[in-house]
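First, one chain by itself: the form predicted alone, in structure tokens.
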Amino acid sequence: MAEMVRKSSSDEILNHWILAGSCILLIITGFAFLFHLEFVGSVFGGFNFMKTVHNWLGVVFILSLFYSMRHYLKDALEYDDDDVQWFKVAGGYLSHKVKVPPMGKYNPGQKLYYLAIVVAGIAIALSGFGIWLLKGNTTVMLLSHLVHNVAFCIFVIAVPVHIYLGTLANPGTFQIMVNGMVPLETAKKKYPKWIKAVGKM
């Protein structure tokens, strides 16, 4: 049996599922509001109750997003020469002939994705609270709807790409979100700098 190494802790896995689940449900209900999808509203017992669900899911999402910072933010803000080179070869996604530099625990694409989610997540949460709690302020409502819709577009594009890259595009990656483990030999190839840092080389 292949030797395994832990890449994600139990609380990180749980929080990732909470973040992902709330985000996907928010996107679905958001689409339903935007395009007035009656069949989605009926699943929640009507648009009024779906609006309540949407609002409180937003609370769950932003709390989960803030908690995720203890796991990812430090790494997401650190870049080195290998990360720059990774961008130059597009991470090897466009050609298998290029040499991809050694990576740490996360590649720069993952780091930028996380930062985009943090920025867009905070923007969509603040604007959502504005729409929810400050209905009497016309200026706040107009600005909040604009910010909310722009951030929503970012999520609609980024989240499906993230799901694809974490499943079909990189077989075996999904198990990290399930049990937090990755085969040591795979980790040595994909995250050699991280493996060296944790003394597994």
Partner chain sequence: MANDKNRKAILVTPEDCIGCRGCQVACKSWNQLPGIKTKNNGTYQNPPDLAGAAFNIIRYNEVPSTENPVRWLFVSRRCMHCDDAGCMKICPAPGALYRTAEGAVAFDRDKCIGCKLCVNACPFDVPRYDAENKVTKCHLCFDRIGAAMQPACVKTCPTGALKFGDRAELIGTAKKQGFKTIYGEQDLGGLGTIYAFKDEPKLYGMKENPTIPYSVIFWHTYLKPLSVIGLGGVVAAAAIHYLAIGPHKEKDEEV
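Numbering follows the first chain given and starts at 1. Please read these numbers as outputs of a predicted model, since none were measured by experiment.
The same protein has a further form, the form predicted together with its partner chain, not shown here; the description that follows concerns it.
Highlighted residues 16, 21 and 106: none comes within 4.5 Å of its partner chain in the model of the complex, counting any heavy atom.
In the model of the complex, residue 42 stays away from its partner chain, with no heavy atom inside 4.5 Å. Interface residue remark: residue 152 is counted as part of the site for its partner chain in the model of the complex, having a heavy atom within 4.5 Å. Proximity of residue 174 to its partner chain in the model of the complex falls outside the 4.5 Å heavy atom cutoff. Mapping the unseen interface onto this chain, residue 67 falls outside it, with no heavy atom inside 4.5 Å of its partner chain in the model of the complex.
Contact residues in stretch 164 to 180 (any heavy atom within 4.5 Å of its partner chain, taken in the model of the complex) are 164, 168, 169, 170, 171.
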